[in-house]
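Alright, here's a single protein chain in two forms, structure 1 and structure 2, each given by itself as structure tokens.
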Structure 1
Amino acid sequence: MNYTISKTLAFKMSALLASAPLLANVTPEERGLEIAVEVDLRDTGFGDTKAEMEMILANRHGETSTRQMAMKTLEVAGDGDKTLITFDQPRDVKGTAFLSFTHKIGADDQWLYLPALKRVKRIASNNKSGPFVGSEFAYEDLSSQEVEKYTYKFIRDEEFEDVSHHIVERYPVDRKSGYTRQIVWIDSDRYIVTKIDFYDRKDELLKTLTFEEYKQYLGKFWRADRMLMVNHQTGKNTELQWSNYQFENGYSSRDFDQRSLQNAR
């Protein structure tokens, strides 16, 4: 009996929510936030992941250099993710590792491990807009994307590469961000990001990031195998190729501490 009631109630609630945009009393800001919350919700509960990444840096003359790293991520309920990145290539930085505790609000905590000295060094984390290992990706582009890090505005729905998309503009909350705004293309069926345009502090188009070759894991979570960041102002680009994505590794916070940073390979 109770079950029937709650089910009916749930149905009514969802009907109410679904009709909300039609009632036109939802502002573009509310609609933008709603989409961002849905994107976040669909990826909630992934637990942990492990993957390998090849980073290919290309300059405007087409000359390339390659980096290889492994990345572990732990989902933290109620806060940003913890990540541990270990470098394998180029060889002179092999064994260097980077530990980051991202936070929904406030500065992240970051440590660097330098294998030649066996030294763990806490580093300043306000370098959000700086390039990550000389690439076109800034630290803020790669850190965990929390809803609270932006404010939002819904722009329109449109077909993009024959798939219906929501287009949402978002504005970084952190004053240290290198961007005034980002325009995000979100697949309106799967709620995954397929493209982001980044506008610099002068509000000029700086970079475009595209996500390709999405694969689904555990029947729920989507991860892109290929990410391409093109810098329109310098002509440089950086491609990330992800491989060997693994979920359910059973990681705990013990796998993301200063000790594990020293032992990581």
Structure 2
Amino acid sequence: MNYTISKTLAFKMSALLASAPLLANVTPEERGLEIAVEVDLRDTGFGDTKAEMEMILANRHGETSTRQMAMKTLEVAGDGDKTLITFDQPRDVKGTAFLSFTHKIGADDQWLYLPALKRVKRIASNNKSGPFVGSEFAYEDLSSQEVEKYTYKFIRDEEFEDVSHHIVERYPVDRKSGYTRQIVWIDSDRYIVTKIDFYDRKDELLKTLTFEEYKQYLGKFWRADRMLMVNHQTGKNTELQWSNYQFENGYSSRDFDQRSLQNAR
């Protein structure tokens, strides 16, 4: 069964299932989808954001290097988000910029601007599983996680770090994904993701991403100040530390085209 859905259908399904959550005929797949839809609905309507980010890369020996970046995001009605990430430090990567157009259906569009070459490089679909600028994050990890990108299966409810969570397994629709499946821990009160286990194409545990130090903005939207991606197969990890979130910046699509990518500072 295909569980890809429109935003309107998602809303109707969420309302229907929420009104009868104990129906015996709700399958694990339907329950998993219901939870994913609720996560999406609670973060719908933020409009746009900008934030500063510090990326700390650590090798298996604990040696680290740090990069300073800025990110801005535009919510797009009927489609996935647009995101622009620009590098400020260190000097050898300053001016590098990454632009991503996430789509609900089909492959995302992603570009990388390399100032040393003074050209924009398009990220091919079959390279989306590759590492983003040497980090433990893949290019596909940087896309907004739209409901339609996965099929779902509810696994169980359990306590995680003294908080009640829904555990959902999701399977990428894109056959070129670097993952066979992901196991997602979702706070059952706030409907925010706190942990994701990523399994590689051999179905072996590859990475774990944890989200910490959540803060709420505009009385509704939750953002984590710290994300840690640990690669279990290499011993490396990448930490993202976020600060200075701002909403309602008045961005438009013109702030997220290839011209803005080359002119990003």
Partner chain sequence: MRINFEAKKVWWLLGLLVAAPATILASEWSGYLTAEFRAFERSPLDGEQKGGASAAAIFESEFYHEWDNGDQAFEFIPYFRIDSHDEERDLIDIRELSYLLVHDDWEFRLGISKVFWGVAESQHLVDTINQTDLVANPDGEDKLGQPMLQTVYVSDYGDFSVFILPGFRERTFPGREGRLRSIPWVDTDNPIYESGDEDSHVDFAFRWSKYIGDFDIGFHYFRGTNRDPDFIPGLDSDGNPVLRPFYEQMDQVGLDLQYTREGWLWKLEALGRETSSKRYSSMVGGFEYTLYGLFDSSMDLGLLAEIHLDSRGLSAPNPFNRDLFAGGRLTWNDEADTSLIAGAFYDPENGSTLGRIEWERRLKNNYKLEIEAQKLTNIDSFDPFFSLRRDSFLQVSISRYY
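Superpose the two forms; the largest set of C-alphas matching within 1.5 Å is the rigid core. Residues are numbered by position in structure 1's sequence, first residue being 1. Keep in mind it's a predicted model, so treat the numbers as computed, not measured.
In this comparison, the chain shown as structure 1 is the form predicted together with the partner chain. With the core superposed, residue 77 shows a C-alpha displacement below 2 Å between the two structures. With a cut-off of 2 Å and the rigid core superposed, residue 135 has a Cα displacement that falls short of the cut-off between the two structures. The Cα position of residue 182 differs by less than 2 Å between the two structures after fitting on the rigid core. After superposition on the rigid core, the Cα atom of residue 258 is displaced by 2.6 Å between the two structures.
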